[in-house]
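This document starts with one chain, in the form predicted alone, laid out as structure tokens.
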Amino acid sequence: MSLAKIIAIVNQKGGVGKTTTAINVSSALGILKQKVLLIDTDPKANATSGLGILTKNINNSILNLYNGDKATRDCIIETCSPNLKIIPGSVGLSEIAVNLKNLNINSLRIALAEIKNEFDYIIIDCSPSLGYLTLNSLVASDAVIIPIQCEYFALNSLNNLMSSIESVKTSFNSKLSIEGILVTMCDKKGRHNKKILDDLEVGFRDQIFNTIIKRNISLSEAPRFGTSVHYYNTKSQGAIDYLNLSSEIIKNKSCMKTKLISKKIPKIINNEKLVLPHKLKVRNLDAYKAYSTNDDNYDKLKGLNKKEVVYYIGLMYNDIHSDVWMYRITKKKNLFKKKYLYLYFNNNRVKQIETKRFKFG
């Protein structure tokens, strides 16, 4: 496995969707079969509680890592989200931010060096300031995601933040780059939001993610239940947006052009069929139509190409260009017990099929 790409999610302005992004992009990357470590460096520890982890119930956290009294691996714990682990936050971080004596600007970079080969992505949720803790995160990172709320004051502070990141790059971390500017809490129907988007395009055209995080009530409700939006409301616009964003991030890593996930996520059992291209109708595909939630004979999908899979069972979370597609295939109300189907493509055809069940706790 190649070394993990370390991405810090940074903005000195609060309320821009920074922690929401950290939780949900980490969850989405895990759903898309990436091994992810989320690090909560915000003294409020909202990313930790947002994944259902109570800081009072854990012995090891980011605080131990900074103090150097625990190995990095000892600070990592499992989450209920597939392929996602976390180094929990701690309110004790606020003391570190005040007492800078004997602190090393490379503390986090050194701590992560020993586990970088164990993950595909390490996502760092930074505190809403440009103090010591955020500086430590920037020194340790390969790239930065900047969430920016679609409003004037957030836009006004963006230039200052970009200047600060450039200073860190010049003085401490020459490899640091901008992964992308992420527009959050956007309502494209609003005239003011359209104006902000236009202004961003003028000043930062090449650095803005194609994905825009739209206003969505599920994104704000999910943390109250200690889970990501993908388990709180898997069909919500927020779930779709963060899966789209994760797809972009994966493509950025492989230097490939991004294709957005379909805005319409059909159920795996769906009577409404897409129009099948004429050239595919010559094949006898009747055997693939008989699907139900109780049908586990997914081996029938082997050999189908992507267009045929889309025709019969839809897209469901999938980037049409990806070689790993994921489907939710049960209707149980308990989201933590839903069963998932993974299709692995080789040369545009289904080569391998795998089903998994992710349980809470």
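All values reported here derive from a predicted model rather than from experimental measurement. Residue indices: 1-based, along the sequence shown.
Form predicted in complex with adenosine-5'-diphosphate: not shown, discussed below.
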### Interface residue in the model of the complex among Asn216, Asn252, Ser164, Asn233, criterion: non-hydrogen atom within 4.5 angstroms of adenosine-5'-diphosphate
Asn216
### Query
Of the listed stretches (67 to 75, 106 to 114, 173 to 181, 218 to 226), which one has a non-hydrogen atom within 4.5 Å of adenosine-5'-diphosphate in the model of the complex?
218 to 226
### Contact flag, Lys13 vs adenosine-5'-diphosphate in the model of the complex, heavy atom cut 4.5 Å
yes
### Query
Taking heavy atoms only, is Met185 within 4.5 angstroms of adenosine-5'-diphosphate in the model of the complex?
yes
### Task
Check each residue of 17 to 51 against adenosine-5'-diphosphate in the model of the complex and list those with a heavy atom within 4.5 Å, in sequence order.
Gly17, Lys18, Thr19, Thr20
